[in-house]
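Just one chain follows, in the form predicted on its own, and it is written as structure tokens.
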């Protein structure tokens, strides 16, 4: 694993915008092709193997949480628990997730967290970096079968959906969320699924018949959402999830609330102690001198505290923390000349499907972190 500096393509902004990538630059560049990361096939095989094993461990952890009624540790509201259990018992369809890994190409990849409910950076990983590679070095390859696996898995899931329209939804005026959602909708359309898009603010409720409806008052039976469950269940409208007479299929399913919560990290450590790809994690600090304190539900690196030898190393502000924290043993991100990468390793369906790399200028990966492409060396 190496980081190589290069000259970006001429007029790269126009090139990526032609793909539908409109949020490549904010206050700072988000898409960064002034560098790329290289991996050997052995390193890629390692990442693929670890991702598959982590996914299997996470499924075991969900069953353990349900069997031992550990929902209080996750601060999950009581009313939604039966919905979660039902979605798990019925094997409700799930399409994707992203493990965030610390890896330097030398030691074992370590799980930092699992983005299991509303992971983003999918379009960049599946499409934008692939077309960058075709321009940069056509014969080379990537760890990237995301597009093919998404279409194939939508085809597989088609038989598990109601014979009706599959809606896609996200919040208004967030281009990143819209792009990710629209991309997943496009993959479903290529799988011959009838789809519609609706903003989540426009989803209605039929008070007489007790089901969700679109803007034309048509019932919603299948819906993919890029909207966190922890937001839904804390809104009055979200209470309708449990009284929906049609029992709409939500993708991702509500059992993903367990995996998208950082409380899963101490549970995994309890179930698989000293596993080579896990970091020690607990609900209390205990005797940890080097640790990362993480809110159960934070996003984009918010409200993170990093302590080394009992001294503050880095921290971030945000709006999270009231729900509680976990403590994870500190594993510093690898340092490539002041660039600190996190590898996002994707699962589509039940299979590893590729990686995307985000790097920052410090140890906390936040909303200013850059997406940097990669390739595999022959």
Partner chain sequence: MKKSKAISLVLVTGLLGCNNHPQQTRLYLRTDTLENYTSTTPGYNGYYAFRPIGTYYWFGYVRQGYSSSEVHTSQTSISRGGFGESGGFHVSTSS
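Positions refer to the first chain, counted from 1. Since we're looking at a predicted model, the values are computed, not measured.
Note that the form predicted together with its partner chain isn't included here; everything after this is about it.
- Highlighted residues 173, 198 and 228: every one comes within 4.5 Å of its partner chain in the predicted complex, counting any heavy atom.
- For the chain shown alone, residue 126 is a contact residue for its partner chain in the predicted complex, at least one non-hydrogen atom being within 4.5 angstroms.
- In the predicted complex, its partner chain lies farther than 4.5 Å from every heavy atom of residue 261.
- Contact annotation for residue 254: none of its heavy atoms lies within 4.5 Å of its partner chain in the predicted complex.
- The closest heavy atom approach of residue 131 to its partner chain in the predicted complex falls within 4.5 Å.
- Only one segment in the set 139-147, 68-76, 86-94, 267-275 has residues whose heavy atoms sit within 4.5 Å of its partner chain in the predicted complex; it is 139-147.
- For the residues 333, 35, 44, 61, the 4.5 Å heavy atom test against its partner chain in the predicted complex is passed only by 44.
- Taking 241, 306, 161, 101 one by one, only a single residue has any non-hydrogen atom within 4.5 Å of its partner chain in the predicted complex, and it is 241.
- Of the residues in 177-194, those that come within 4.5 Å of its partner chain in the predicted complex through at least one heavy atom are, in sequence order, 177, 178, 179, 182, 183, 185, 186, 189, 190.
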